[in-house]
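Next up: a single chain in structure tokens, the form predicted on its own.
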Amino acid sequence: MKISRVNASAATMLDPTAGVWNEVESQQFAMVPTPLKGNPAIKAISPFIERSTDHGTIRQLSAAGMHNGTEVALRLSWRCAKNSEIADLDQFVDGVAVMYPLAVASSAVTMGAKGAPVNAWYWKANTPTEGFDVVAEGYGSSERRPGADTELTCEAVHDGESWHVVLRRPLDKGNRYTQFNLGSGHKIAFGVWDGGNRERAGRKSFSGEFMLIDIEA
């Protein structure tokens, strides 16, 4: 995947329907059910989720990225019925996350580990313009902060068949957050939740271990 440099305003980059998204390369990522069975960290949090075998219904995610030298934006698209309201205790909403390593030894599979954290941008369909910035050092350790704290902004549309979600943030937010160095490689992973399948927490589809992406200078 490549994050391309574009001549576009921050507002344009945030619009999932903007024509500039047709000008950058998108890549299809295969998604698989997150491995949960036998994970003691997950079992300690929820034995039910640890025994889950019917999660991971989303099997493909399309991702594209761009930056304008100041802001970076990612557009994530996947086919899914729209699940954006919680009217009862057994209802859940769709969601998507982008994860980045904050240390060389960080693992996407375990959501990091002690001393090897990960940073994630997390979006939920019931708060479509409000993203969350998450830092974790393994399952059950997530520290979720409002996107406003890191200037993470989101916009989303559902076209009747698929979600199209854009997450945008300034390129450089300091050592505690993901930094993007122009002209160099970076690592990334993805997670998607199908609310119609009661997916939440570890019950999701994910793209596997971190993959390398290029950021155009």
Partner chain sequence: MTYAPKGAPKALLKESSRQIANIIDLNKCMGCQSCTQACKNLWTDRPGTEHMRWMNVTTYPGKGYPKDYESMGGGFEADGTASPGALTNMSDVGDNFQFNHADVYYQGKGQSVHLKPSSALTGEDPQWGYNWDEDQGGGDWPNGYYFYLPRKCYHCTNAPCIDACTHNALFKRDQDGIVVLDQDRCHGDRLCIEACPYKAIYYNPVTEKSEKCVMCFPRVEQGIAPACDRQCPGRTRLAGYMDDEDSDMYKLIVEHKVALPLHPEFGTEPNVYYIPPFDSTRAFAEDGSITDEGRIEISVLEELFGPDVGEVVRKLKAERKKRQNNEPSEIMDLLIGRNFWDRFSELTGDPADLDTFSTAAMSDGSDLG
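Numbering follows the first chain given and starts at 1. Just so it is clear, the structure is predicted and the values come from calculations on it, not from any experiment.
Just so you know, the form predicted together with its partner chain exists too; it's not on screen, but the next bit is about it.
Participant: Among 162, 26, 46, 39, which has any heavy atom within 4.5 Å of its partner chain in the model of the complex?
Facilitator: Answer to the contact question: 46.
Participant: With the partner left out of view, is residue 14 within 4.5 angstroms of its partner chain in the model of the complex by any non-hydrogen atom?
Facilitator: So residue 14 does not count as contacting its partner chain.
Participant: Contact with its partner chain in the model of the complex for residue 92, defined as at least one heavy atom pair within 4.5 Å: yes or no?
Facilitator: Close contact exists here: in the model of the complex, residue 92 approaches its partner chain to within 4.5 Å, heavy atoms only.
Participant: Heavy atom to heavy atom, is residue 51 within 4.5 Å of its partner chain in the model of the complex?
Facilitator: Output for residue 51 is yes: heavy atoms within 4.5 Å of its partner chain.
Participant: Wondering, does residue 79 line up within 4.5 Å of its partner chain in the model of the complex on heavy atoms?
Facilitator: Contact with its partner chain, no.
Participant: Going by its partner chain in the model of the complex, which residues of 139 to 162 come within 4.5 Å of it through any heavy atom?
Facilitator: Counting only heavy atoms within 4.5 Å of its partner chain in the model of the complex, the contacting residues of 139 to 162 are 140, 141, 142, 143, 144.
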